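The form predicted alone is given below as one chain in structure tokens.
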Amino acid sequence: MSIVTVQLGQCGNQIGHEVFNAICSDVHGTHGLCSKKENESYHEASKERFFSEEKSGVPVARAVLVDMEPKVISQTLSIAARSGCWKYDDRSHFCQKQGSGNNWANGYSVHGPKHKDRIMNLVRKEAEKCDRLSGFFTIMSMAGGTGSGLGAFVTQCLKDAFPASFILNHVIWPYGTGEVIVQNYNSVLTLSHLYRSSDALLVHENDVIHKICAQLMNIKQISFRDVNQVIAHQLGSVFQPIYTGAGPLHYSRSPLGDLMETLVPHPEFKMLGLRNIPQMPENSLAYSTFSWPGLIKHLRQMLIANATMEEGIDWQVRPPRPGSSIPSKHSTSKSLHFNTSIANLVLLRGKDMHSADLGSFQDPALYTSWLNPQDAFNLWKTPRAFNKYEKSAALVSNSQFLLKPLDNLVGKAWNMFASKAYIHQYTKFGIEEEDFLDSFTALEQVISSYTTL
């Protein structure tokens, strides 16, 4: 089944481009490390999922590009076309000349309703090209105006127009130090609206990816492109074809549906985080060897200690033993706080993956008490290696990983709101104080639900 990607705003379009690049280089690489037959079926499944065929033979991305400024889209279209490996459909983009001025209300209340018909028309055309549609993958930032405001509006339109299709929103969490003075307002409004219309939110934090670029990838002058390439690699490691638990007969039929079924057992809990190991500069790969027990041990500790990468993991954090109580169960600030999960999915790609033992992920202590660990944990795998890594593991987790950043974000936004800072910029576009209060209430409920796991 196919996924239609909707790239929204500058950030969404730049990341989307890197995602298709990563998928293409993985498919065409000579590093599959598996049988020819395996490689061919992987190739076919990936193409059906992300690309449509054109007479010229160059795969065309199943994507719709939307921005309120033309510069990034025109750059993205031309860079993809020049690659010769894949391209975008020249008719599948929509842009204007004025931008959204980093104002969520402008994107949501003005640009959204004004351009709804044209944007949704492009989405319908792209969906009609799919023999079987799994759903929509939207890519957007929360800090600005177009990705966040227009992105929230388009997501609601997708839900209304395609009620039977899954929607996964990929959201980029802004830098803590701030790119935009009103980013906390934009983020609160985005998250609360997406929570209503999306099936799940897959979150990447800019600060975390920046750290990976500096400490794992050894990049000295980190650019947005470096950050986006790390994000794209992580997304590719989840969305490229893989065998689900049903058995190694065929690749996952409905990639988004399988992901939701595995990770979102309750509509109150929709926040997904992604961890990926190993990650290193390409020139170091030749000198590195990895074992499945080592990778799995690190991945499990990253989960329970809420570590964002394999360096600097706190190995002191342990799962609570039955009958013991965590003194600070409801605190989001305790550094040794154990990260309780609702559901986890581990994806293994590469050599000898059948020998990997994932029993440690089925420990009941890792999960909330109202779910059976057998239901809460799933393992997907394929012998086909991903992007030059002989062995690699990804973890998609629905857990308390985002509690602290979410608490901080809502707290900062509330402090600004309490002093009425910048509210007039939103009310002039029709977003009233009541709308802010509704958003704060919705996110406080999310924080409360995750805290009491």
Partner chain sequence: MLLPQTHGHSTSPFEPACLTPGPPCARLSAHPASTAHPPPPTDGIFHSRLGGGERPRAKPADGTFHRGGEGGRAARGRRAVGRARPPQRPSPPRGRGFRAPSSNEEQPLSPPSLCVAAMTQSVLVQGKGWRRPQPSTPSAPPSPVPDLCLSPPLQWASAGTRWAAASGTWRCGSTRPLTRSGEDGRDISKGKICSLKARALLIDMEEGVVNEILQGPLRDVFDSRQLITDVSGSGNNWAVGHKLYGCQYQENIVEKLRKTAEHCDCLQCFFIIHSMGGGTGSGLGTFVLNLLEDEFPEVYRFVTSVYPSGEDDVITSPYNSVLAMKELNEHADCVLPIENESLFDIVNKIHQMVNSGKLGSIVKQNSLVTSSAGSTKTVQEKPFDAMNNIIANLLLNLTSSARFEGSLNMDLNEISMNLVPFPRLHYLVSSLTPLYTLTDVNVPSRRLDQMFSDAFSRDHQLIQADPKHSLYLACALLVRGNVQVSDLRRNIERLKPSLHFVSWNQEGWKTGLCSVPPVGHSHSLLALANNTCVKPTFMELKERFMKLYKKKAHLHHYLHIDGMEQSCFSEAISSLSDLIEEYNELDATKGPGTGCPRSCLY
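Positions refer to the first chain, counted from 1. The structure displayed is predicted, hence computed values, not measured ones.
Heads up, the form predicted in complex with the partner chain isn't pictured, but that's what we're talking about next.
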Could you tell me which one of Thr177, Gln316, Asn283, Thr289 places a heavy atom within 4.5 Å of the partner chain in the model of the complex?
Thr177
Among His93, His298, His115, Lys270, which has any heavy atom within 4.5 Å of the partner chain in the model of the complex?
His93
Does Arg196 reach the partner chain in the model of the complex, with heavy atoms at most 4.5 Å apart?
no
Heavy atom of Leu122 within 4.5 Å of the partner chain in the model of the complex:
no
Is there a heavy atom of Phe401 no more than 4.5 Å from a heavy atom of the partner chain in the model of the complex?
no
Can you check whether Gly411 is within 4.5 Å of the partner chain in the model of the complex, heavy atom basis?
yes
Exactly one stretch in 157 to 165, 370 to 378, 72 to 80, 255 to 263 has heavy atoms within 4.5 Å of the partner chain in the model of the complex; which is it?
72 to 80
What residues of 95 to 114, in sequence order, lie within 4.5 Å of the partner chain in the model of the complex by heavy atom?
Cys95, Lys97, Gln98, Gly99, Ser100, Gly101, Asn102, Asn103
